[in-house]
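Okay, here we've got a single chain as structure tokens, the form predicted alone, with questions on binding and movement later.
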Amino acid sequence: MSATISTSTGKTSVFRQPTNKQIKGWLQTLAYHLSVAGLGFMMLYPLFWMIASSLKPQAEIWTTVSSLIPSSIHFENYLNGWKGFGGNSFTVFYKNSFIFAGVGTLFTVVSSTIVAYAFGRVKFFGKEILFSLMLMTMMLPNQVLIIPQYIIFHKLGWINTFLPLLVPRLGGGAFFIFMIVQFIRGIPRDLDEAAMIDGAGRSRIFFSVILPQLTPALVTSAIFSFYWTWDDFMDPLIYLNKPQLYTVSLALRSFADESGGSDWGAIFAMLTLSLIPVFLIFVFFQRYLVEGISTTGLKG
């Protein structure tokens, strides 16, 4: 159905009324977007509530649980929370977390890349068996390894140091090794053969041919490793007993008073700040993250 409309300039235009099929399609699209927005809000509601609680007065946090709007904004929660406890501010805890997550991520990615290159390109005796054993380590529950590892590190005198948290990462991570191997197998071997003809050895091929093409996989591995290390609570809890060595995750747990006298505004403020590093990493490197996951899944 259409209608003719005359304008002041003397021109005419035809206005076509939407058909029932078009209206139905628009309604379906609207319903889809509203449902997705509703589900997204439900998933993000705990995050919104935490941020709102970090700005609420102490007395309102648990009395106005359903409200996201504080009656008055209290930025002093962030100042009080940053003071920390036991004479250690959150500057110390953040520094420890960046050491743990930063150095641990560097060790994991570098060692995993070297091991993955060996599995993906170098021929040696028992490679398939070793690769299978490496994959089997991902099936071991972490609880099985806690006691033997603690006994070893205790005898080495590494308790209350970052060595038990960092040194094991020099062997790489099974998940990251597998992911990088899949990416390397998608790189044409003709590039290796061309480099060998030019006189390049294994190390030159690795640094000049393979490594430059691994950027998406390496960034993806670094992001996941940083996320998991930054959020790690169990390992620092086992090996670090001195408050001056606590990471952010461990400090947040120790910040809470089991007797009920916790400053929840300060706790939620520090919880909010603890999300900033991982959020910024995701924002700036999400392109590499998506590319690394998609290409790793397609190649192999």
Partner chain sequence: MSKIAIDAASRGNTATSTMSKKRRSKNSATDNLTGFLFVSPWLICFLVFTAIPMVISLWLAFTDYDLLGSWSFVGLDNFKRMFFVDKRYMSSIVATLKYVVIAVPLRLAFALAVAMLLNNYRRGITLYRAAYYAPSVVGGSIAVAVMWRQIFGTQGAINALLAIVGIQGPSWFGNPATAIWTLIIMAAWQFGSPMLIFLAGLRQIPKELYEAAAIDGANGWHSFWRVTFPLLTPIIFFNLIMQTIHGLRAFTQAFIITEGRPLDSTLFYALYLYQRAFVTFHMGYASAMAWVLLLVIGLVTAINFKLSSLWVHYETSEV
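If you superpose the two forms and keep the largest set of C-alpha atoms that fall within 1.5 Å, you have the rigid core. Numbering follows the first chain given and starts at 1. As the structure is a computational prediction, the values presented were derived from the model and not from experiment.
Although it is not shown, the form predicted together with its partner chain is what the next lines describe.
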item: Heavy atom distance at most 4.5 Å to its partner chain in the predicted complex, all of 44, 149 and 208; value: yes
item: Contact test in the predicted complex: residue 196 vs its partner chain, heavy atoms, 4.5 Å; value: yes
item: In the predicted complex, residue 180 touching its partner chain (heavy atom, 4.5 Å); value: no
item: Its partner chain contact at residue 284 in the predicted complex, heavy atom, 4.5 Å; value: no
item: Proximity of residue 202 to its partner chain in the predicted complex, heavy atoms at 4.5 Å; value: yes
item: Listed range touching its partner chain, judged in the predicted complex by heavy atoms within 4.5 Å, from 72-80, 86-94, 151-159, 214-222; value: 151-159
item: One residue of 100, 226, 176, 117 in contact with its partner chain, assessed in the predicted complex (non-hydrogen atom, 4.5 angstroms); value: 117
item: Cα displacement of residue 33 between this form and the one not shown reaching 2 Å, rigid core superposed; value: yes
item: C-alpha of residue 63 off by 2 Å or more between this form and the one not shown on rigid core; value: yes
item: Core-superposed comparison between this form and the one not shown, residue 44 Cα displacement 2 Å or beyond; value: yes
